[in-house]
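Next up: just one chain, as structure tokens, the form predicted alone.
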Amino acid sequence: MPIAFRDVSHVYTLDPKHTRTALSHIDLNLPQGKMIAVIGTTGSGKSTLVQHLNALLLPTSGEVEVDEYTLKHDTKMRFKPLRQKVGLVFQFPEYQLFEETVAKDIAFGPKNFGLDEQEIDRRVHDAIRAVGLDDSFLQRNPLDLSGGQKRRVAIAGVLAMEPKVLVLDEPTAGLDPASAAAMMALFVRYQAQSSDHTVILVTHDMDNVLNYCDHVVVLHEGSLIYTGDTPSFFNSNETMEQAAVLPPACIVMRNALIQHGFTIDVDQVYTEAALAKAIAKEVKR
């Protein structure tokens, strides 16, 4: 599903005399069927950018193209069809659970979109299994679940709408390493289900970017400073410094070894396994 930003700016009006520019003249084409990271410091415009994808926000100027939809500042349309295609999971989505059972919470979105009961039931069961929980959870009260289980249920509610694009705002925030890895594996599986599935991940976790994402979008003070493949981003010290991000330990170690005389191909070595192989080769040599 094609997604493009054409000279998009977004300005928040705080009061009649004060405004804040969150996005400034963004031109961006997002690749389809990929895991995409959107990164940048706090206040760089990441969340503002992704909220344009399902019309939670409309551009102050410019336009956003999402599939057959063109969104402008004065767009007036029924946004439900678009929001069926683009599912947005906010940070700490477990705080948005409100129904008396897990099944009802997951079914809320599909029911709101007017699907029949048989289709809703199918989607609820598929979604709960997709997030690694079994059907026994469906009749439980969401408030009785653990924090990690609540987050899985909240994500299942978005997956039940079967979106083509899944947008996730800091989905592993507050999770322990094992739970975070399991959550990322869930998103990888979802993306791999179909060449049409695109996952867009807003994150500060550079290890997740390195290990799971194909493409990186970098924002800085509301401006786009990089868009391209993940290895190229981590091979550009200048871009990482401008984005004010700390490289993953694997990249830090690789670069330190190069500075100390190791011969390592930076275009090929950007994972822990590849780095270990390169070190073994150098030590043997």
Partner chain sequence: MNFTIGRYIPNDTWFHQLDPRFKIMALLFLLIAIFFPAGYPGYALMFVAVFIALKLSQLSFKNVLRALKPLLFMFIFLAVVNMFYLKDGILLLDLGFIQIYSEALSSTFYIVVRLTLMIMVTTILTSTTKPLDMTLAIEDLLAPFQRIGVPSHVIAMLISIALRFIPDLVDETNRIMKAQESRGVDIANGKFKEKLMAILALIIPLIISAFQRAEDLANAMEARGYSPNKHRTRYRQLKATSCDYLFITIIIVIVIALALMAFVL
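Remember, it's a predicted structure, so these values are computed and weren't measured experimentally. Numbering follows the first chain given and starts at 1.
If you look for the form predicted together with the partner chain, you will not find it shown, but the lines that follow are about it.
The stretch among 30-38, 46-54, 60-68, 213-221 whose residues place heavy atoms within 4.5 Å of the partner chain in the model of the complex is 46-54. Contact annotation: of the candidates Ser195, Asn112, Ser136, Gln118, the single residue with a non-hydrogen atom within 4.5 angstroms of the partner chain in the model of the complex is Asn112.
Of the candidates Gln149, Gln96, Thr101, Thr75, Gln96 is the one whose heavy atoms come within 4.5 Å of the partner chain in the model of the complex; the others do not.
By the 4.5 Å heavy atom rule, the three marked residues Ala181, Arg189 and Tyr270 all fail to count as contacting the partner chain in the model of the complex. The partner chain in the model of the complex is not approached by Ala127, whose heavy atoms all lie more than 4.5 angstroms from it. Not displayed here, the partner chain is kept clear of Lys164 by more than 4.5 Å at the level of heavy atoms in the model of the complex. Remark: Arg83 counts among the residues lining the partner chain in the model of the complex, judged by a heavy atom distance of 4.5 Å or less. Although the partner is absent here, Leu168 is not a contact residue: none of its heavy atoms lies within 4.5 angstroms of the partner chain in the model of the complex.
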